[in-house]
Structures are given as structure tokens and as C-alpha cells.
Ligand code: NAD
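Taking the form predicted alone, here's one chain by itself in C-alpha cells.
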């Protein structure tokens, strides 16, 4: 069975993919009629019978072959990813390589997490087993269009489930390439892909899938959660963020400034854990802002294949307009642009630094998802912590400061992942987790991988 929905899909409407740096046409995929999706899910369920009968080792061996092929295709697929999403050549190639490598490394760790575990006491043996849930619907974003897919698809498949993937309509070609590569090794029908926009996403959520794994905006997550409630579908939702950075007295100002710029501009700011608001102590603010501007001037926006470019375009005009609207609104209320402009060239937002941001401004409250270092000054640390905790988001947060003061502030931040004098990215198999409305469930780690399974407890007399 092909990875595309059906042989008849060649007669369906086509979804065009364009280069976000210039609007040029790249290619098309067939749109999956929404009314086909229930049948696709049931076909996947039928195919899963044989897949779940395989051992972890057998499933893993097939996935590893797919990962190896992805790494071998890194040059060509990396260029496709960059053309379609806009990230730099090095970033596109690196994402494909890391996706393939991650599959290789993740297989054994997921297997260990899902393996049966038996405890014996007083003549009774109790075994905890992690069975497949059935069919997992995966709805993936455009900002990391291969990494985020494999992040959800691989543990779902390793658990013995079938997967129906609905990738972003902004990056359908690279998603199709990922699925086609894995399907060279997987049994027919285990990994299916459906293309389209909101209608296809709704059809997948409303189908008989047993679990929905979604990475994307909080607003869409709210709709998915409401729709899934009627049939009590399991949910794994990795949603948006408005990550704060607190720079306290005693901080290494250069290190804090470098982090603020790199974490605000990485992936053109189109990252759920981008630094979205910086709160810096008044005594350090002038020095900090000067260092931020100096670091930001080393970045340049442009097409993915242009030498010296560190940031690509915004994914589409709507997102670009949103970022510029926030900047215009902030400036109209008294904020100052230290770098950048509210009238950049088409398709791009230049590296931007803005200061004088207040709690009332939209840029302080709503997700920006663009290359902006947004700075506020404070004198009262407790007020700054309250400001950092305001709003519905709680994905990540970072504190720079003297060790004890930074530890004390970090303990008061309401976020799922916190960095102290460094980024939030941890070591080992730790969860990727949000607090408040930034997530429901989480990805990564043994406990995260087990969410793709049904836990079963079996007790017997020894």
C-alpha cells in the first residue's frame, strides 16, 4: 500500500508548496479528501495487526534502516527542507541528519522504556506491560518539519501502533519525503500520510484514531482538546510559549546578551522555546542592551542559499504581518527600536531589538514567533518574576544571575523547563514538558514514550 492516501489521490486537488523567501513554486502533493480519512484510519488499524505482533527488535531494525537512508539523503533532502521552510542550508541539512541519527539512537531507548517489567513479592508476580493503543494521529508543525515528525512518529511506531500523519500544509514535500523513505522498509499501511489544511486536521481528530499527538499553537490545541473530548481520545499536546529571560544583578552580562540574541534569532525566531521577553535589572540594562545590539548586528536575514545569511524568511506573509504588527503597536506605545525596522523587505523580518516594552503591550503577552529581542527593565525582582509568570504560557524560562539568586528566582518560575545561566536544553532522556497552557502530556523520556502505549498490569501466583 503506498504512503499516499490512495491511488485515486492523483485525481484530487493539489496542494502547492512555495519557497517562503521569494514565493516561487516548488512542487505539489495531492490533497486528501477529508471524507477519505475515516477509511484511511481503519485501513491503518487493519495493517497494525501484523506490526504489533513483531518484537521491539524487529520493529526497531526496520526503523533504523529508514534512519540510515535519511542520513544518506541529507544533502538532497536538506536542500528541499530549506527551500520549503526557509531555514539556512546548514540548518536544513543538519535537521535531516539529526532526524536520521535520532531514529538510530532512540530505538533502543524506546524499547527499554516499553519493555515488560515484573516485580515479585509474597508469592505474587506482577508484570507491567505496555501494549499498542491502536492508531495514532500525528499532526506536525512546519518550523522543524522533519525533526518534529520523527519525534512523534518513531515512539508511536515502536510501541506497535499504526500512524496516520497530517503534516503542515506549509511543508508537505519534506514530510512526504520522510514518509516515503521510512516506507521503503516498513510493512505496507503502517505509516500513512494525509495532506491538506484545517479540514483534514479536523477529520483526523474526529476519526476513530485512538490518540492524537499534536505540536503547534495553543489556539489549535484548544480546538483539538475540545473535539477529542467527545470520544475521550488520548492527547499529547506540545503547544506555544512566551519564554522569559530574567537577567538579575550579578549576572554575566555578555553571556546573557549572547544567549538572548541566539535564542531569539535561532530558526528566525520561529521556535516554541525562543526567548520571547527579556527582563533585565535596571543596573545592568544599558550595558546589556549595548551588548545585545552588537551581537544582533552579526546576524543577517536572507534566502537560505545566500552566503552569510543566518536567518531565513518568515514562513508566510501572515506570520510576518503578525510580528510587524506587534512591533508597530509597541513603538506606538513608547517602546524604542534599537535595531531593525517595521518596514523590512518583502518576505523577511530583520534582526530586531526593541526596548521599553511594558506588560500592557501585545508583544509582552502574545507569542511573537519572530526574530525579536524584546527588552523590559525592572528594579524589583519579585515584580519581574510575576511579570514572567503572567499569561497562559509556561513552556520554558531562563535566569542569568549569581548562583544563589538565580536558583531562588528559578524556583518561582512557572514553566516546564528552566535554564539557570544556560539554555533550557537538558542532558539525558528528560521530558520536553510545558506548564499551564503550553502543553498536555509531554514528549521524550521513558514516561513520554509510554504515552504512546496502553499500560496493562498482570498479576499471577508464582
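Computed from a predicted model, the values in this text were never measured in an experiment. Residue numbers count along the first chain shown, from 1.
Not on display, but discussed next: the form predicted in complex with ligand NAD.
At the 4.5 Å threshold, heavy atoms of residue 198 reach ligand NAD in the predicted complex.
Contact check for residue 214: a non-hydrogen atom falls within 4.5 Å of ligand NAD in the predicted complex. Contact check for residue 202: a non-hydrogen atom falls within 4.5 Å of ligand NAD in the predicted complex.
Put simply, residue 166 is close to ligand NAD in the predicted complex: some heavy atom of it is within 4.5 Å.
For the candidate spot formed by 148, 238 and 367, every residue has a non-hydrogen atom within 4.5 angstroms of ligand NAD in the predicted complex. Listed stretches are 184 to 192, 356 to 364, 384 to 392, 240 to 248; the contact stretch with ligand NAD in the predicted complex is 240 to 248, by a heavy atom cutoff of 4.5 Å.
Only one of the listed residues (153, 292, 224, 375) places a non-hydrogen atom within 4.5 angstroms of ligand NAD in the predicted complex, and that residue is 224. 272 is the sole member of 272, 257, 314, 280 with a non-hydrogen atom lying within 4.5 angstroms of ligand NAD in the predicted complex.
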